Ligand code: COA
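Single chain ahead, written as structure tokens, the form predicted alone.
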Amino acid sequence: MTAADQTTFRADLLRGKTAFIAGGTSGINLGIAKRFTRLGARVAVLGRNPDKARAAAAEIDADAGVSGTIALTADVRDYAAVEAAFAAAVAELGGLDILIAGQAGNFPAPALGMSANAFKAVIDIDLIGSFNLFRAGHQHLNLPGASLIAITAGQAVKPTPLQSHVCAAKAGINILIKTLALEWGPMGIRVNGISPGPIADTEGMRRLAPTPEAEAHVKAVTPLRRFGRTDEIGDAAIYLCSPAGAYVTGTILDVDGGTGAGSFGSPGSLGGII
């Protein structure tokens, strides 16, 4: 990817802002962390693996030519651990302007081939984890003007074979976003979601399109005929967190190359390639 591929924002657009990004140690959320840091934000990334979190923080700093990205470790299913992670972030950064719940679990499996514990694990990581992050993070937000974002997925609104666990979890996230937008809007907090489509170089696409044939099929049913880039999801997050998005709340922003308008989630598309 060249610099010309990136949307151009004012270099100091997020200067003075602080961001806490759960799941920020890889994939889409690491891309968001890099975009935020390049634009001047101070960032804390949260993951479950301490070595991976430290490596991600170093990568973010190197990418932006700065220092100070904070690496944190917690399991988002553990509310007390999440509270401790926020306390550590705020001790370094002060109050938070941006909070992103980007953690996710996924694996392709039919409902009859999945244990109850496997189904529950995805619900707990995605949906319960998002609630834990938003609920525990609320007290640390700089108000008014804080921006919260959950990373959801097209499976929230399109029944998708081999994805019953993800469909249920993401549908819950979508309605949680809208409910919190109603409850917390009067406090000056905006709550939105980003629903990415197929994004290159992510664990999700490695799982859902694991072969060249599967990848080609996904591109063929994507109206823009390509995978998205993590930077493009980062750009959407920047919009939602910037003054340009100041009147946007309770919205799920599809950044999916048009897959939400087509048949990506229907039988015979995703279900037929795994």
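A quick note: this is a predicted structure, and the numbers were derived from the prediction, not measured. Throughout, we count residues from 1 along the sequence that is shown.
What follows is about the form predicted together with this ligand, which we do not show.
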Counting only heavy atoms and a 4.5 Å cutoff, which of 110 to 118, 81 to 89, 184 to 192, 130 to 138 contacts this ligand in the predicted bound form? 110 to 118
Checking a candidate spot here: are 196, 233 and 259 all in contact with this ligand in the predicted bound form (at least one heavy atom each within 4.5 Å)? no
In the predicted bound form, the residue from 95, 145, 159, 105 that sits within 4.5 Å of this ligand by heavy atoms: 105
Out of 125, 71, 168, 176, which one falls within 4.5 Å of this ligand in the predicted bound form, going by heavy atoms? 125
Distance check, residue 207 to this ligand in the predicted bound form, heavy atom within 4.5 Å: yes
Considering only heavy atoms, tell me if residue 48 and this ligand come within 4.5 Å of each other in the predicted bound form. yes
Does any heavy atom of residue 203 come within 4.5 Å of a heavy atom of this ligand in the predicted bound form? yes
